[in-house]
Structures are given as C-alpha cells and as structure tokens.
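Let's start with one chain on its own, the form predicted alone, as structure tokens.
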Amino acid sequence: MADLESSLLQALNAQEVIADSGELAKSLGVEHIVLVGTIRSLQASEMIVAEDIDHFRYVLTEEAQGYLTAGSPEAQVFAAVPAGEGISLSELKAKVPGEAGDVGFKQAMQQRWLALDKSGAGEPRVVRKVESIEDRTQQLLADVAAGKDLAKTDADAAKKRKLVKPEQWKTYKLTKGPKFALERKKPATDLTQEMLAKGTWRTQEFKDYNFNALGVPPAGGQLHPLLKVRSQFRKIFTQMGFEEMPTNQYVESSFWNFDALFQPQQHPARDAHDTFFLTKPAATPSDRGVEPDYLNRVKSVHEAGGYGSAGYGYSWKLAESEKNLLRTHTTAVSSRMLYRLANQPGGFRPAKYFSIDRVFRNEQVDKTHLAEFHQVEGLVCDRGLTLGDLIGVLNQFFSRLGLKKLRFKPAFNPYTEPSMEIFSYSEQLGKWMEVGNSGMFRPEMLRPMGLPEDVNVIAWGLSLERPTMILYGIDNIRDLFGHKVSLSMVRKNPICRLGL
C-alpha cells in the first residue's frame, strides 16, 4: 500500500495532472478499486485533489452473449424455415425450442421476414417472405461487445429485449493539493518530552484541534407515534379506575379465542383465510388451563343453548376448540380474565379491565389494513349493568379522547347483545366517522364461566392505528407500522396530545 501511494505521488509530481485514474491504475498494474482507497486517503490529507469523472456504457447480458455467434433469435428462426413450402409451426418450435424460438418467431413476423400460410389443409405453415435477411440485432450486439456507442433508439430496443444493460463507473482527475509532498508526514497529536529534548517540535506538523466542535449527539431511542398514543390511552383508562390485563400471550387456543365467546365453530372468522392457525404446535390439549366442567358447559350452550338461548344446534367438536392460532382479538384475553374473576376465592367482585396489544388477522394488506395491528379494549363487570351504563361510559371515555359528539348504530357481534357501532363527528373532516364497536356480553358467554345471573359485562374496542393516523396526519398505515416506517418520522414526530 505504501509503494502504491508513493507511485501515485511520483506520477502526479512528474505529470502535474493525471487526467484519468483508470489509466493510471492500468499503468501501475492494479485494480482501480484498490487505487481509489489510496486516492481517498491522500485526498483526506489534502495532498491531492480528486475530481469525479463519470463513465457509462452498455454491456451484453448473459443471454445476448450466446447470440454473438449463433445469431439473433429472429435470424435463427428464419434460418430454420426452408425456402419454398416452408415448415409447420410445431416443426419450427422443435427446431428452435424455448424462449429463443418464441421471441425469434415474433420478431421475424414483425419484421415481415416470415408469414403464416393457412391456405392448405391442416396446420398452418410458416414460409419465407424474403430470400435473405440482414441480422441487424447481431451486428448491434457486436458493436456493444466492441465498446461502440449505440443510438438511443437501438439502445432502448435492446434494453427492452433484455439484450443489453447499462454499466456505470467512476474514475478521477487528480491534481496536487495544498499539502502535496512526495512522502506523507503523519501529524503528531501530542507534544512529547522527546520532541522538546531534541527540538524536533519546531519542524513537526501537529494535528489541528477544533475546540469549538460540538460532541456527537447520543443516539438515544425515540418513542414511536403508536407508543405515544398508547401511553395516552393507558393514562385515560387508569384515570377512570381500570386495571390493565396481561396481554403477553399472542398464541391462543380456539377455545379461548372463539368458543368461550359463544362464537360457533362454523363461523367464517375461523376459516384459514381470516385467521392464522399454527402448525407447530397445532393444538393445545383441553386439559391445559380449561376446567372440564367449564368445557362441558361451553359445549352444552353451543349445542343446546341455555340461559334463555336456543344455542346453535350443531355437534360441538373438541378437536376444533384445541387448535392453536394467533389471537384475532384481545377479547380472548378478556374471556380468560372474566373466567378467573368468576372463580376467584372469596366470590365475585366488580372489576374494570382494559388492554392494548397486538392482534393478528389474515387480511389483504393495503393502505388501511395490516395483517397485524393493535386493539384497544375496555370492559366493566358489575351487577345490574344496562345499555345506559355502556352509553354513559363510552361518552366519558371518548370525551377524554377529545371526541365529544357520539352516535350509536345497532350492530351484530356473536358474543355481544345488544351491540353498537360507535360514530364520532370529526370537526377537521366535517363528517361522522366510525371509531369503535361495543356491546354487552351475552349470557351464553358469561353464565358458563360461573358469573352470577345479575352480573353483566359492558365492553368496547377500537384500533390503536386509526386514531394515531388521524392525530399525526398519516394516510397509509404501512407508513406507521411495519418495515416501511421512516426512522426520521419516528425521531421527529411531535408529542401526542388528546383532549384529556
């Protein structure tokens, strides 16, 4: 490396200007990329000045290399068609098989070298329309191989056929810098005792110190917009006296995700095109975490009903309930918590729960849907709750989000009755928008758990992504969550402020 540096400096000293570093690399017998490292090092020391020289050319693709000797596909096809009566299309494909035959036949027909004769009986025949041809494509490829320039129309046509590809590279024009010398002198960073004793400090070059330079800012972590909005949601829930549910179990059995919620086993949501089912392990045995008595009560209410319901009237299958899946909603967490609440020592006590975490659905990804997203869920479990209590809690919750104008629309959910979609009026957009779903959990879900008959549960849910997109002016969910997220957006996004 030192010899290469010395050779470069000697050449520049002799010539004053080196017009092209590529030619210098050839004369020194080294790869240009090796010489570039030396150029960069000397440029950083201000010993030389390097000016970029951009180069461009077309080179042959691997496919085109074979056409230099064999001829272009259209020329090969033309040569395979005998003069006179011609040849059948199937025989021609056998003589020039594969993509070369297909492309060559198409090009030969477009250039009117060949024609299809359909006058006879049976399969049409390919016949020549000209006696001889000039293989311009092969000549063009030969020009490229020889390093000649191409006309724009020829280059565009060859690129479209994937016969050539552009190649770019860079060399440098080299001149002497302000600190040019035939030998590099490394500046000292410290004044030593030896320099003082020998007096060499008088001629020694020292590295400059910039005492005004700022330090490098620490590359600390930044909060993602979703985390900021989640923090605000969590603050609202805790201020309203809610307790957060544990949501660290992404994999659930179909029992807790569907069956415990009185969702029938033939429901479309259980299909593979809506739900991610696991293959290893594919199932969770029912004796793990599910009491046999509770399991039998759930089976009975599905098949024959109870608690004022006729049930679904089908044969409930244990194997279906044991299938493992990525949870499709955090209501699976709610079902576990309600069962635990119903069977805790000391009897029932009222509770208010919330959760904010990921759920997974086999969705077609677009600007408003992802296969994984975050669900915000809240529920209140107490004696004598009514639909009026649900509407009151929703008004209180959403007013803290800054959404003070609410409307409710009847809806259907397998595990809530009555159910309501929640709409809020957006002052910015000047229209009503759906912001969540809600309802009262059905007796068919609650009573098998062991909750008393006078205990009801009101619940509601919404996504975390949608309010975040509205707050931060993001119109594509893939710019908010996933591998396409811009890190600069994460670093620069403002503080989240809700209408608390």
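As the structure is a computational prediction, the values presented were derived from the model and not from experiment. Just count from 1 along the sequence shown to find any residue number.
FYI, the form predicted together with phenylalanine isn't displayed, but the following is about it.
Participant: Looking at 415, 113, 233, 172, which has any heavy atom no more than 4.5 Å from phenylalanine in the predicted complex?
Facilitator: Checking each option against phenylalanine in the predicted complex, the one that comes within 4.5 Å is 415.
Participant: So which of 443, 461, 467, 450 reaches within 4.5 angstroms of phenylalanine in the predicted complex, heavy atom to heavy atom?
Facilitator: Exactly one listed residue reaches within 4.5 Å, namely 461.
Participant: Where does phenylalanine sit in the predicted complex: which of 33-41, 469-477, 54-62, 433-441, heavy atoms within 4.5 Å?
Facilitator: That would be stretch 433-441.
Participant: Answer with yes or no whether residue 329 is in contact with phenylalanine in the predicted complex, where contact means some heavy atom within 4.5 Å.
Facilitator: Yes, residue 329 sits close enough to phenylalanine in the predicted complex that at least one of its heavy atoms falls within 4.5 Å.
Participant: Can you tell me whether residue 184 touches phenylalanine? I mean in the predicted complex, with a 4.5 angstroms heavy atom cut-off.
Facilitator: Result no; residue 184 lies far from phenylalanine in the predicted complex.
Participant: In the predicted complex, does residue 361 come within 4.5 Å of phenylalanine, counting heavy atoms only?
Facilitator: Yes, residue 361 lies within 4.5 Å of phenylalanine in the predicted complex.
Participant: Might residue 377 be said to contact phenylalanine in the predicted complex, defining contact as any heavy atom within 4.5 Å?
Facilitator: Judged by the heavy-atom cut-off of 4.5 Å, residue 377 is in contact with phenylalanine in the predicted complex.
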